[in-house]
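There is one chain below, alone, in structure tokens, taken in the form predicted alone.
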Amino acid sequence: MRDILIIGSGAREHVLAYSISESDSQNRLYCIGSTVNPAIKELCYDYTVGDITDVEFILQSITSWNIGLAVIGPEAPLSTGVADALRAEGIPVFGPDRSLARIETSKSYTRDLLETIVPESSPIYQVIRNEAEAEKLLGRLGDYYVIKADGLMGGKGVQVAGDHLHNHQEALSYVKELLQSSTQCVIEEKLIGQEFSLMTITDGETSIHLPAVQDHKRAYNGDKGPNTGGMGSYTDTDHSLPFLSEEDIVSARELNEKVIGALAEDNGKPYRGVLYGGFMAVDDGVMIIEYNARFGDPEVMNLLSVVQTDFSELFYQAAVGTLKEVTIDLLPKASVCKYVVPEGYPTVSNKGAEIDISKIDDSCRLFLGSVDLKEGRLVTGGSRTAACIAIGDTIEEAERIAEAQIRRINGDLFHRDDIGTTPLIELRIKAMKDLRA
């Protein structure tokens, strides 16, 4: 038995808490969250609400708890050094120290590191400090560019040519906007292909690779609308994706391992936690879009739904540097995750609207995200509300279950009903075949 602390209160942390609670070890769970997630609270021995990025608040909150493992869900606490502070107290932590988490929190650091170790897998880029530099690089890239905020933006700091920006004037306006709040941003070459994610649990030396997942960032059907934190995702029965080759998976795994090694060498300490690689399958292989220092949300729902290994041991062994003692067992199942979000999301933060989840049955798992309790009523918290995750013998079967269940959630909400559907996946397969023909 172990007392385990979960930091964070979104759907990602709900699935982490749920997975740990299913352990045979009878662990006792604690949580520090920014809001009251009733589903997480129900699983916990104690639950505290406050600023999860405040190191002193975190340390004060755990003084009466005998924590034997801390699992950090979101990126924000990593960026403020919560993992460093907990490790300094002798607590094993699943999540990298602040300097290592720069692989997510600083786009410029990431690109400079990748250019050193895997330049062939990194697009053309430049760290931009003024509009003149931006204008010069845009002239070189033409219509194929991506502009990124250098720091954390909750998955919404990226603007892509052709999708969000339609000419260089709009691009320069966005650069100007970013430079008003930061000293720099990053402009990269726009890659053409299919995006996918591959996450690796690691103690800095041993790596356990999880199935490839495809997330859907755009708000509306057909990949239209603004970027979001992620509207849904899916995996296939073979733990790959229908449009990927075996070589693509091998390449992504090798790149993650190279980055884990480079981070340890660059920072003088091991990376312990999960490394999330965001990739683009292009005409002649795999390129790196980005890296994150935590589980993706919603991708974590897909991944943990097919993992049969004891999560408390998996996370603990990674945290203490003995991951080589663990083997991972994966179900040969497909999975589909769909998020329901408030009307107006992500442009409008619609808080306090009542929702009803009582009609959901046990054919899928429901994980609560940005919610709160007001006078005993479950209400929206402004961001992604809840995720339905279903598994099946095929993607089609899993999608059918997830879609049927998410329609049972009542409230001023919407979701993408095309995620995981055969027509949308066939479009991706065709696009990849055409690209590589």
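What you are looking at is a predicted structure, and each value in this text was computed from that prediction instead of being measured. One rule holds for the numbers: they count along the sequence shown, beginning at 1.
Unshown form predicted together with a small molecule; subsequent notes refer to it.
Undergrad: Identify, from the list 217, 209, 98, 269, the residue with a heavy atom within 4.5 Å of the small molecule in the predicted bound form.
TA: Of the listed residues, the single hit is 217.
Undergrad: Among 127, 326, 289, 118, which has any heavy atom within 4.5 Å of the small molecule in the predicted bound form?
TA: For this set of options, the contacting one is 289.
Undergrad: Taking 4.5 angstroms as the heavy atom distance cut-off, pick the stretch from 177 to 185, 79 to 87, 217 to 225, 243 to 251 that is near the small molecule in the predicted bound form.
TA: Stretch with heavy atoms near the partner: 217 to 225.
Undergrad: Suppose contact means a heavy atom within 4.5 Å; in the predicted bound form, does that hold for all of 107, 158 and 190 with the small molecule?
TA: The answer is yes; 107, 158 and 190 each reach the small molecule.
Undergrad: Is it the case that residue 172, even though its partner is missing from this view, gets within 4.5 Å of the small molecule in the predicted bound form, heavy atoms only?
TA: Answer no; every heavy atom of residue 172 is more than 4.5 Å from the small molecule in the predicted bound form.
Undergrad: When the contact criterion is heavy atoms within 4.5 Å, does residue 148 count as touching the small molecule in the predicted bound form?
TA: Close contact exists here: in the predicted bound form, residue 148 approaches the small molecule to within 4.5 Å, heavy atoms only.
Undergrad: Could you confirm whether residue 195 comes within 4.5 Å of the small molecule in the predicted bound form, counting heavy atoms only?
TA: Flag for residue 195 set to yes.
Undergrad: Does the small molecule get within 4.5 angstroms of any non-hydrogen atom of residue 320 in the predicted bound form?
TA: No, residue 320 sits far enough from the small molecule in the predicted bound form that none of its heavy atoms falls within 4.5 Å.
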